[in-house]
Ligand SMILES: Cc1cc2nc3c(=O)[nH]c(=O)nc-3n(C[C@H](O)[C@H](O)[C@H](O)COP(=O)(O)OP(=O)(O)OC[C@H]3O[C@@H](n4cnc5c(N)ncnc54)[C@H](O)[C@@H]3O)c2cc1C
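There is one chain below, alone, in structure tokens, taken in the form predicted on its own.
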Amino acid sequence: MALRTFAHMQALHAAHPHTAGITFLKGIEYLEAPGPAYLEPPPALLRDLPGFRLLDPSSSDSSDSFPRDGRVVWGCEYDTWCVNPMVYCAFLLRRFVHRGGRVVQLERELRRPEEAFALPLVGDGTLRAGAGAGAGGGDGNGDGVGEVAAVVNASGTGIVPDPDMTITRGQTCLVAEDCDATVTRQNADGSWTFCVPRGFEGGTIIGGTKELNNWDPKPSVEVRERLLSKFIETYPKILGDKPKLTVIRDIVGRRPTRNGGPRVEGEVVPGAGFVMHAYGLGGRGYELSWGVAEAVVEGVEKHVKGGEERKL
């Protein structure tokens, strides 16, 4: 799914380099305690990644240099992409509406995906009290719209009873400085040090924590200072000629995570209809997005065409 998403991002960036909010740049990976698989010749999957090469810690070339603290023992680089979410999501929304899609703002909370089959909509995409029509296509004349062929449950948390669902709390920090690469460092103690440049004057995200089942929404100043310090140690190039990074804001995300991996499968709900589930991706929503979307389209089309349902 990540590779399929990479291909879609390449195509979008090529066609809309100034408006899609997508930036292509180098990705750098550092490992302090690589497993045996990393110390062997890289598998074909890695070797085939665009721009992939192993970094040489003994090289005098600055582009091959490891962090100066001496704890990193393995590194590589490859071509990757980043998005500025505000620019990218606005770009996708414009394309969606231009192709006939409608956005509906609910005045109530949906607690089950089955409820979407009976949403009372009118032609302009707003809710109408007391209407009994389904939420599907429509002719825009103000009457209730047609029957729903399928509902895609991409709600993050799933809004369905799922004992495998939990959350992963992540604290990051947005700084004003730009960075010329995504940098990810897996530390020996299991923690992570990384940056995600947003491009399009969106600054850079510095992270980060991964805390299972921690629901605390408040950021910690101490954690922020540790994240910034560790990243500067790893990649001092981000400072340029500045003495310190310019903090814009702290960010705390509670990412819907599913033990065993995301749920991407369809089911027929008795009394409602076909629901295509696509949830539980944790912090990898953008990274896997187009791959998941392809699987969703495949599942919905298979059902609509009357073919045998298949778990994806």
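Model, not experiment: these values are computed from the prediction. Numbers follow the displayed sequence, beginning with 1.
Keep in mind that the form predicted together with the named molecule is missing from the display, and what follows is about it.
- None of 225-233, 69-77, 167-175, 212-220 except one has non-hydrogen atoms within 4.5 angstroms of the named molecule in the predicted complex; the exception is 167-175.
- In summary, among the residues P34, P57, G253, G51, the only one with a non-hydrogen atom within 4.5 Å of the named molecule in the predicted complex is G253.
- Checking I28, V275, L281, L245 for any heavy atom within 4.5 Å of the named molecule in the predicted complex turns up a single hit: L281.
- At least one heavy atom of I159 is located within 4.5 Å of the named molecule in the predicted complex.
- In the predicted complex, the named molecule sits within 4.5 Å of a heavy atom belonging to E109.
- Using a 4.5 Å cutoff between non-hydrogen atoms, Y38 does not count as a contact of the named molecule in the predicted complex.
- The named molecule in the predicted complex comes within 4.5 Å of a heavy atom belonging to S155.
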